[in-house]
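First, one chain by itself: the form predicted alone, in structure tokens.
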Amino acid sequence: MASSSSFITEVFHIGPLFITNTVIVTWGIMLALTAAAWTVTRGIRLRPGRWQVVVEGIVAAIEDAVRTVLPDHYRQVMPFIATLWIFIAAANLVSLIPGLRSPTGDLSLTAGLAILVFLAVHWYGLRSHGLKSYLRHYLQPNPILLPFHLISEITRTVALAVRLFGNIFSLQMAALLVLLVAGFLAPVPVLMLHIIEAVVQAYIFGMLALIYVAGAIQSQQLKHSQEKE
């Protein structure tokens, strides 16, 4: 049975569990990235080749971005944020391959990523401050604001999922409409737009996740510094 979106189709099912093209492409991306990471790390040399220079440049750029936001905890957060950036960028760009669609154009995947960020925020917060100290910041500056803090947690998680899904889905629709109207007369501008938008959306999602994690880690540190003053 096809999904409500023309971009999402059922490939096969295992009992009541429906396996869509989103699931297959997502697992394909994860396997490809895992294989690429294994291949690159196995071939590290003191005198780097072309590919090693490219990979090291990407890692250094991500590390600098994370360190700018979290200078004292960047090593702790770096693996999670880097994985998000690389996976989402690959997922956004995979539709450039004929016959494949970006799995981030499926709300179920972007919702899963947003929930992962939601859990990671609290995980890092609890690790940094402990249960009591971390939960106490929801009562600051006044316990009456607790419901608003909780609503904020939910709305920003929903916004993360919907923003990425909406942008990638609309980008795919726009590309399809352009190709239907103009045929293959304007493929290069469409491809360039897709590449730029895919990278930008991956960056925005990862940066928002980094800011949320930084807020959880630094919330109590800011409070303690204010108390000392």
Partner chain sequence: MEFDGTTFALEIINFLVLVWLLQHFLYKPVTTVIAQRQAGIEKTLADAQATQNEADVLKCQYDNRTAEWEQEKAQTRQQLQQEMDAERARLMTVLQASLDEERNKLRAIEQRRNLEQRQRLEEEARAEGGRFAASLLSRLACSELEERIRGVLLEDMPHLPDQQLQALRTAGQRDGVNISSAYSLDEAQRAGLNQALDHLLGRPVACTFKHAPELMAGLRLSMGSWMLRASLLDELHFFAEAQHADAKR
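What you are looking at is a predicted structure, and each value in this text was computed from that prediction instead of being measured. Residue numbers count along the first chain shown, from 1.
Not pictured, yet referred to below: the form predicted in complex with its partner chain.
Contact check for Gly130: no non-hydrogen atom falls within 4.5 Å of its partner chain in the model of the complex.
Residue contact check for Thr68: none of its heavy atoms lie within 4.5 Å of its partner chain in the model of the complex. Heavy atoms of Ile211 never reach within 4.5 Å of its partner chain in the model of the complex, leaving it off the interface. Among heavy atoms of Ile44, some come within 4.5 Å of its partner chain in the model of the complex. Candidate site formed by Ile154, Leu193 and Gln218: none of these residues places a non-hydrogen atom within 4.5 angstroms of its partner chain in the model of the complex. Segments offered: 132-140, 115-123, 92-100, 146-154. Contacting its partner chain in the model of the complex at heavy atom distances within 4.5 Å is 115-123. Contacts to its partner chain in the model of the complex (heavy atom within 4.5 Å) from stretch 21-49: Thr22, Val23, Thr26, Trp27, Met30, Leu33, Thr34, Ala37, Trp38, Thr41, Ile44, Arg45, Leu46, Pro48.
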